[in-house]
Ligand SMILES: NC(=O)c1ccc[n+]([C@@H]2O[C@H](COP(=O)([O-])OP(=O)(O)OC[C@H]3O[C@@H](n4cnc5c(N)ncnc54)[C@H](OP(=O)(O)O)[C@@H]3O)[C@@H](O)[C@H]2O)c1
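Next up is one chain by itself, shown in structure tokens, the form predicted on its own.
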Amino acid sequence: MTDEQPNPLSGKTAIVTGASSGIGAATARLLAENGCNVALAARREDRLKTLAGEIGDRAFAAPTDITNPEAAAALVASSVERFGTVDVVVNNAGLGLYAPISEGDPEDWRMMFDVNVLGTLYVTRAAARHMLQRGSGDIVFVSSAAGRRVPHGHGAVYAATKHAITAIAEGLRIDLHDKGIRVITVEPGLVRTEFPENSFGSPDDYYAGKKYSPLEAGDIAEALFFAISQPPRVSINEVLIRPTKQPN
């Protein structure tokens, strides 16, 4: 930010779920660099503490299982207690487990819906209730290009969870658009993170097998930051961001 353009996020507080790695960690760093206080939420407490140590006083580690609605509510409450308010929520926590439906494990399906859909709803509900009292806020959903189209048969259930996020975000926008709260969905294409580990093994091998280079986590953080940095009259509701050479 320049002297002529005051930082619109300075002094605000953000909650970032899935902050222990990848897009979540990159987003937390960028927000803190731009004056935000950041609550770092994920299950891996050791990573959260390391990241909080890197960021400094603007951040605190908040180990949270977002699939527990009480824990999600406690995350928002502890953030308000620590920093006085919550201005931004970045719903980034997500899980992708890939297999053909005919061979899929119902436990994998349940886990994806618990984290990607229900966990996101729990955090969103708690944050929205706080923001409604204040009359302002930004609720961000980090979805996927898979929320627009099913990439392949093995990813059908994961895509279903992201299609659900598209519906949730639009319904929330309709509910909150006249109450000072913006709803933003960011839909990344292929991004270099730890995400492939659960289904494909080594992320390095996975990305090496692609015909195009993936985005970096920081690219998604920058897109998200751009959306929430807009003046209150501007609501960028949906951002689709792909590697230039990604075909679909």
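Note that residue numbering follows the sequence shown and begins at 1. What you see is a predicted model, and the numbers here were worked out from it, not measured in a lab.
Absent from the display: the form predicted together with this ligand. The rest refers to it.
Per-stretch contact check against this ligand in the predicted bound form, the hit in 102 to 110, 174 to 182, 87 to 95, 131 to 139 (non-hydrogen atom, 4.5 angstroms)
Correct option: 87 to 95.
Even though this ligand is not shown here, does Ile15 get within 4.5 Å of it in the predicted bound form, heavy atoms only?
No, Ile15 sits far enough from this ligand in the predicted bound form that none of its heavy atoms falls within 4.5 Å.
Contact between Ser21 and this ligand in the predicted bound form at 4.5 Å, heavy atoms?
Contact with this ligand, yes.
Contact test in the predicted bound form: Glu194 vs this ligand, heavy atoms, 4.5 Å
Answer yes; at least one heavy atom of Glu194 falls within 4.5 Å of this ligand in the predicted bound form.
Exercise: Ile66 in contact with this ligand in the predicted bound form, heavy atom 4.5 Å
Output for Ile66 is yes: heavy atoms within 4.5 Å of this ligand.
Pick out the residues of 130 to 146 whose heavy atoms come within 4.5 Å of this ligand in the predicted bound form.
Heavy-atom contacts to this ligand in the predicted bound form: Val142, Ser143, Ser144.
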